[in-house]
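One chain follows as structure tokens, the form predicted alone.
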């Protein structure tokens, strides 16, 4: 069956319309999935995944460090408390035993002096009882200084009074013994010494009882502290386990979210590239069919169709070249061959490569170049491609003002930074939202506002420009304000041996306009 040329054109137009609709559907579905609101946890994990989960691992390490410090502190406190209690118990028992022994020694030597008739022994026993009395007084004074509560202070005062009362009786007994009145000394001791010493003995037993109660309280406190430390240890270990489990889950979740985001971006990229390739292919095929079918009758129409074919084929070639170049720059450690380049040569290449783009889009390119600039260190092809992408980006998002400024200058060396060449591209277009600036250099990323504005693209232009800049040891920065425009600046190293000349002509710039 044979179809007329007009029928084939109509049929092709229908297929072309159907293909565009299909591409739009793919892009809409991809955009809907990629911009569907995520839960707060997923948004946080998605942000953390960009740092390759290093942040999560750092949090886990900090948590384990803090937990370990708490465990060590509790163990040290328990050990210190146990040592203090042991030392207090041993010293207390020793002091009470010495005090009781010295009190008994005082009483015993007094009784020895009463039971002997040897005057020399009586004098010796009197000296011994006075020496033991001195130690008892010192012990009572030390106990009074160490007393903590009101009960212990009152007991220390009573013990001191009772011991003083006993010593007054004992001194009278010793005086009677040394005077030879043994019977009178015995009567004095029986009348007052025995009862006075009994009160002292009761006071010492009360001291021992209070000390035992205090030791029991400290033991109970230590046991409670030990139980509290054990409970804290169990809680800390449980928390560590839960934190580690949560960290592992978060890391796996963040990696999954990263893969899902990358998959969504790649789907958007495939849809965008499919649309970018399908449109010129369809136009080329339609134009070729019309020429082949003899629908183009005169030279003017043939020239017009030739211009269409040339433009669309050039667009396809540039798109394919950009994709291939992006793939070739995947290795971030790969460095290009750098050489000194005059700024005039760079500017001339950029103007030559972007002349048709700027002219066909109805834009005006203003040029400002500072005089006497040193040579930049870089690769001419890479710099040109980078700036061509920035100019193309300015044309795409330039807005109704349709003016672009290409500025070249240099910064003088400072104390903390060497000098550098700065080539910037400024537009007066739609600008970039501050929340999106951190993402615009990500491969395949396209702003939701751009999607809504139906501005076509692949999301590779800025990512490729940034990679090219970094491969030459430079960088790419951006300053932007919504509805006011954006300025992208390419920072390049200055070639060694070239110095920035600060002259009286600084501030004067060569200006030209390309329309």
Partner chain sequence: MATVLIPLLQGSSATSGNAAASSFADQTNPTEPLVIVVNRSNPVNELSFDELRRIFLGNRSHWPNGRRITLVMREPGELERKTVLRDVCAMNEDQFKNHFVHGLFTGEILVSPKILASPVGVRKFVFNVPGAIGYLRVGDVDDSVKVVRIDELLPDDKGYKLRMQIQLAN
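Positions refer to the first chain, counted from 1. Each form is matched to the other, and the largest set of C-alpha atoms that superpose within 1.5 Å is called the rigid core. Quantities reported herein were computed from a predicted structural model and do not represent experimental measurements.
The protein also exists as the form predicted together with its partner chain; that form is not presented, and the subsequent description refers to it.
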Query raised in the report: Going by heavy atoms within 4.5 Å, which of 172-180, 306-314, 107-115, 394-402 lines up against its partner chain in the model of the complex?
Result: 172-180
Report summary line: Only hit among 339, 356, 195, 119 for heavy atom within 4.5 Å of its partner chain in the model of the complex is 119
Query - its partner chain: the contacting residue among 209, 130, 158, 232 in the model of the complex [heavy atom, 4.5 Å] - result: 130
Requested in this report: Please check if residue 410 has a heavy atom lying within 4.5 Å of any heavy atom of its partner chain in the model of the complex.
Outcome: no
Report task. Decide whether residue 436 counts as a contact residue for its partner chain in the model of the complex under a heavy atom distance cut-off of 4.5 Å. Result -> no
Query raised in the report: in the model of the complex, does residue 123 have a heavy atom within 4.5 Å of its partner chain?
Result: yes
Query raised in the report: Just to confirm, residue 368 within 4.5 Å of its partner chain in the model of the complex by heavy atoms?
Result: no
Query raised in the report: Quick one: which residues from 139-164 get a non-hydrogen atom within 4.5 Å of its partner chain in the model of the complex?
Result: none
Report task. Once the core is aligned, please say if the CA of residue 426 is shifted by at least 2 angstroms between the shown form and the other one. Result -> no
Query raised in the report: Taking the rigid core as the reference frame, is the Cα of residue 343 displaced by 2 Å or more between the shown form and the other one?
Result: no
Report task. With both forms fitted on the core, give yes or no for whether the Cα of residue 167 moves by 2 angstroms or more between the shown form and the other one. Result -> yes
